[in-house]
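Here's a solo chain for you in structure tokens, the form predicted alone.
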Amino acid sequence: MENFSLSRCELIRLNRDTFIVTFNEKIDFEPTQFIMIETETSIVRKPFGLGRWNDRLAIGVQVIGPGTAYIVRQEKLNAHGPCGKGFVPPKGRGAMIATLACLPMAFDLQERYDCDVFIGSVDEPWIEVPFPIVVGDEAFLKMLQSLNGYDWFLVIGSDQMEKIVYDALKDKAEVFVSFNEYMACGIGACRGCAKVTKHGLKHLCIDGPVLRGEEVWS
């Protein structure tokens, strides 16, 4: 893990509030690892999952406040990482279910493990997305019901979306969840990302961010 600067290559707008930011630099990382990015709006850095887009290092950013708005405006960003454990899927056929903001992570995982990817979104994307995508809650639930014949699933999105996916798929295959707990450091010092599991307290920055869904939910 190290500190570094990232220079923006391209800003791609996915819809009214969601962007992909690609960078000129290359760093080694494993699937679902993340970086902590400095902003001028907070004394603590913010975590963003690492991925790829158009053969470049990339992150997805949904603008939900001053910190995320700052990140999509800047030409250069300061960060440290990669943080967290890389996700290594079990053998067998797998699928990732993600939100639009997680497209770079989905693209990276699909390239590495040849898994299927399904995207759920509240709004229609403004660009062509290279994966099956459904828009709206009803279509999303129908899509989940149609997913059969898989050995594992990985879900990355909002807390509410992840619980819905887990409940819908837990009896079909093993479900892994990339949790998005608040954290301030990303290195296990602040203890802000503690998660109660069936096996005791875990810290998502060093024990995760991916855990088995059954560890957290019954």
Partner chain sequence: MELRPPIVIASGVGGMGEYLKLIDPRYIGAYTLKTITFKPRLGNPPPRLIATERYLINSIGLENVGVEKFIEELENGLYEELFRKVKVIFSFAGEDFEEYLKVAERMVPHQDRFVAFECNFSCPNVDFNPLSDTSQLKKMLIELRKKLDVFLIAKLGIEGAFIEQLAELVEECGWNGVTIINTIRALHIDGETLIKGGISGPILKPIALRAVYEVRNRTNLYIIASGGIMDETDAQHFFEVGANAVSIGTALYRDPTIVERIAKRFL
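Positions refer to the first chain, counted from 1. Predicted, not measured: the structure shown is a model, and the values here were computed from it.
Same protein, other form: the form predicted in complex with the partner chain, not shown, and the subject of what follows.
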Since the chain is shown here on its own, which stretch among 26-34, 149-157, 170-178, 44-52 would lie within 4.5 Å of the partner chain in the model of the complex, judged by heavy atoms? 44-52
Please tell me which of Arg93, His80, Lys85, Arg112 lies within 4.5 Å of the partner chain in the model of the complex, judged by heavy atoms. His80
Exercise: Glu162 in contact with the partner chain in the model of the complex, heavy atom 4.5 Å: no
Can you tell me if Val61 lies within 4.5 angstroms of the partner chain in the model of the complex, counting non-hydrogen atoms only? no
So in the model of the complex, is the partner chain close enough to Gly192 to count as touching (4.5 Å, heavy atoms)? yes
How about Ser7: is it within 4.5 Å of the partner chain in the model of the complex, going by heavy atoms? no
Residues in 1-15 that come within 4.5 Å of the partner chain in the model of the complex by at least one heavy atom, in order, are Met1, Glu2, Asn3
